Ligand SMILES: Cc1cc2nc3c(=O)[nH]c(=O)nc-3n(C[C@H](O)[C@H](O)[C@H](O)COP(=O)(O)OP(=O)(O)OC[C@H]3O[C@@H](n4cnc5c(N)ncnc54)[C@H](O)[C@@H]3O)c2cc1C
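To begin, one chain is listed below as structure tokens, in the form predicted on its own.
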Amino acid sequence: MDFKLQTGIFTEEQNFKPLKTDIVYDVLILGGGPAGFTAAVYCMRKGVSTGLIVKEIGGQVAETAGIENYMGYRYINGMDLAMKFKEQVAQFGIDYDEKGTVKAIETGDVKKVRLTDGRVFSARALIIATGAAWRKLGVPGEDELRGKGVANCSTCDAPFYVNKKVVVVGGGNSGIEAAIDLAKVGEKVTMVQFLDRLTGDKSLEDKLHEFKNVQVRYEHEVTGINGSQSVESVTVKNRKTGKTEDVSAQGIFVEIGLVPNSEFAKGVLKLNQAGEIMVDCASRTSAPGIFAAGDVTDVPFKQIIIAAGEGAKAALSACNYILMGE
């Protein structure tokens, strides 16, 4: 291909084209977060016919108030970063479907993706990058104040709580790690643990107890998150006495785990006990021609930059499968 023509498809705005049900794509990518969008860029640059199915732009990224640990940006709002991902993919003129929810996938030489609205799309290879959703408390104020003090990732957001009071919900490893991260910078950390003990590793628990600005409220639960424009306090309930109290806080970190968006893969791909899709070092799943990347997989450390890297890896593996049969 003429180099000028080849580079032109990368620089001229192509925008999205409708995903087609009457053709077999080389690669179909499921997911609109950093893994899915990165995979799309790499597949399009390889010249394979590519389709992208996105339920929600950005996934967890879009719910992040501020990001300081993604290279190239000293600070960027989560939704702004998600839209930049989308804009970068748009230049390739990829076939695209937004708001579609995957109901089921089928293996074979030609893979099938069935959506809940009845449409069926086909491809020789699939890349699953549907991410994961934070487990929610399901209390008043949680959704309304998300991104305004309600957070889920201390690695991402702890620096925004310097000299502030925060609540951490959860007493497993992720909760303890979040409390440690926040105790290093915050004025006070109140941990709310449903059980009468912490359930994380003893080494983490020992480290937690080194901080004098951490208080653990055992056998308590959060019943409400309060504030007008941002979090101002958290209502906690003593499970033994039933007494409630408003704890002053400028932020609350809900660290009770992630739910991988892998329901449609059950019985088709190998999942671990947490429901994550199991992949090897080349992002291959248990089914030939199906790859997975990002938070839906069992790859550790759920971070934006890691998901993007895994998306690139999955794309290159999928392209090798299409172009060289590997």
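In case it trips you up, residue 1 is the first one in the sequence shown, and so on. Keep in mind that what you see is a predicted model, and the values were worked out from it rather than measured. C-alpha atoms forming the largest set that superposes within 1.5 Å between two forms make up the rigid core.
From this point on, the text means the form predicted together with the named molecule, which you will not see here.
Look at 268 to 276, 42 to 50, 283 to 291, 29 to 37: in the model of the complex, residues with non-hydrogen atoms within 4.5 angstroms of the named molecule sit in 29 to 37.
The shortest heavy atom separation between Ala307 and the named molecule in the model of the complex is within 4.5 Å. Residue contact check for Val299: none of its heavy atoms lie within 4.5 Å of the named molecule in the model of the complex. At the 4.5 Å threshold, heavy atoms of Thr101 reach the named molecule in the model of the complex. Not displayed here, the named molecule is approached by Gly131 to within 4.5 Å at the level of heavy atoms in the model of the complex. No residue in the set Gly227, Thr235 and Lys237 has a non-hydrogen atom no more than 4.5 Å from the named molecule in the model of the complex. Contacts with the named molecule in the model of the complex, taken as any heavy atom within 4.5 Å, map within 38 to 60 to Ile53, Val54, Lys55, Glu56, Gly58, Gly59, Gln60. Relative to the superposed core, Asn173 undergoes a C-alpha shift of no less than 2 Å between the shown form and the other one. For Glu106, the Cα coordinates differ by under 2 angstroms between the shown form and the other one after the core has been superposed.
A shift of at least 3 angstroms pushes the Cα atoms of Ala274 and Leu204 further from each other in the model of the complex than in the displayed structure. Relative to this form, the distance between the C-alpha atoms of Gly175 and Asp80 is reduced by at least 3 angstroms in the model of the complex.
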